[in-house]
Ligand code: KG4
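One chain comes next, on its own, written out as structure tokens in the form predicted on its own.
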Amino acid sequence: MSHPRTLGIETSCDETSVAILDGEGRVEVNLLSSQVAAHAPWGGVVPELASREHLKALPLLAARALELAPGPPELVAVTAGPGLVGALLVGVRFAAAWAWGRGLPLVAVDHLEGHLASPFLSLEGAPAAGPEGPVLALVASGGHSAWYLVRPGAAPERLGRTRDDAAGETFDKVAQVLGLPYPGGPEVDRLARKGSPTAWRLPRPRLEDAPLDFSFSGLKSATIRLVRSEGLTGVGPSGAGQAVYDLLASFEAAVVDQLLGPLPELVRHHRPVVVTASGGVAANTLLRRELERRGGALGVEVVLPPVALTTDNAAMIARAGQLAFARGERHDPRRLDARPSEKWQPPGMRKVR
């Protein structure tokens, strides 16, 4: 199915991104301005600083993307939530004004639906793929950790999620105590490759009342206590030795085991044609390797996004916008607002209107 050429805009957190996809979902342009250097001194994202950085970068990226694209956009897709409200507003207001001024249709995209679309994109010129049946999808990042069931033509259904910290946040907190650079995930991945995942026995809690959910706060606390008891606080990358390597390998293995623990039950119950992982944590070497191994053992195909598309990016937002537009979704640029809360609420919680 052919879609309108789409301009995608992503400003939900600390990455400013603009992309253009053609009607078959080929990524024609995908530009990103990282704010890592701006937030690194603070050890995490500063919301007001993120908003100011988006204001500076977004007009420049949009202008450059239009110069590089082989044709003008016919549809505008923008992340409307969840995320930091100030950061979201920069992208939403820019996209709304841009679409309104050119008389183009506008689609507001849920950031998580963008992640769910990312495994089916290519950065090598291929059109976007699309499975014929249900997809079992893990989204794991600094702000989200959950399993979803995605059926063709239906809204995603959340099957299980973290009860406390997100997996990516846990990586960042442990790295921070060790004195490793921000963001912590890539550095943990690099150093863990040198260690033994069985060196330390770390908790992998399971919730009796919700076996498909995860909890990372206990693992985070246990790992930080171990860092302090072993005298490894603030050692930094230059002071990291085998003790740090082993600790991080053991910690990483515990995170991956928790994320993938529900997989056999989910595959047995939902019979997906494909299993995917997306979000920043989906760049982790061990997670990618283990998901492919466990998926193969269960007899289900595993599809992973290019590593460059695991972090927040506008290509996934453009693709999610194309799929939403095909379902008939349209949004009035004069009334569109940011939606910082999650669209899909945990079971038992009131729906956010």
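Small disclaimer: the values here were computed from a predicted structure and weren't measured. Start at 1 with the first residue shown and count on from there.
Omitted here: the form predicted in complex with the ligand. The next part is about that form.
Comment: 137-145 is the region of 210-218, 97-105, 264-272, 137-145 lying near the ligand in the model of the complex, near meaning a non-hydrogen atom within 4.5 Å. Exactly one listed residue, out of 165, 172, 113, 246, brings a non-hydrogen atom to within 4.5 Å of the ligand in the model of the complex: 172.
Put simply, of 195, 119, 73, 280 only one has a heavy atom within 4.5 Å of the ligand in the model of the complex, and it is 280. Mapping the unseen interface onto this chain, residue 230 falls outside it, with no heavy atom inside 4.5 Å of the ligand in the model of the complex. Proximity of residue 189 to the ligand in the model of the complex falls within the 4.5 Å heavy atom cutoff. Contact annotation: residue 81 falls outside 4.5 Å of the ligand in the model of the complex, judged by heavy atom distances. At a distance threshold of 4.5 angstroms between non-hydrogen atoms, residue 310 is in contact with the ligand in the model of the complex. Residues of 179-195 that come within 4.5 Å of the ligand in the model of the complex, judged by any heavy atom, are 183, 184, 185, 186, 189 in sequence order.
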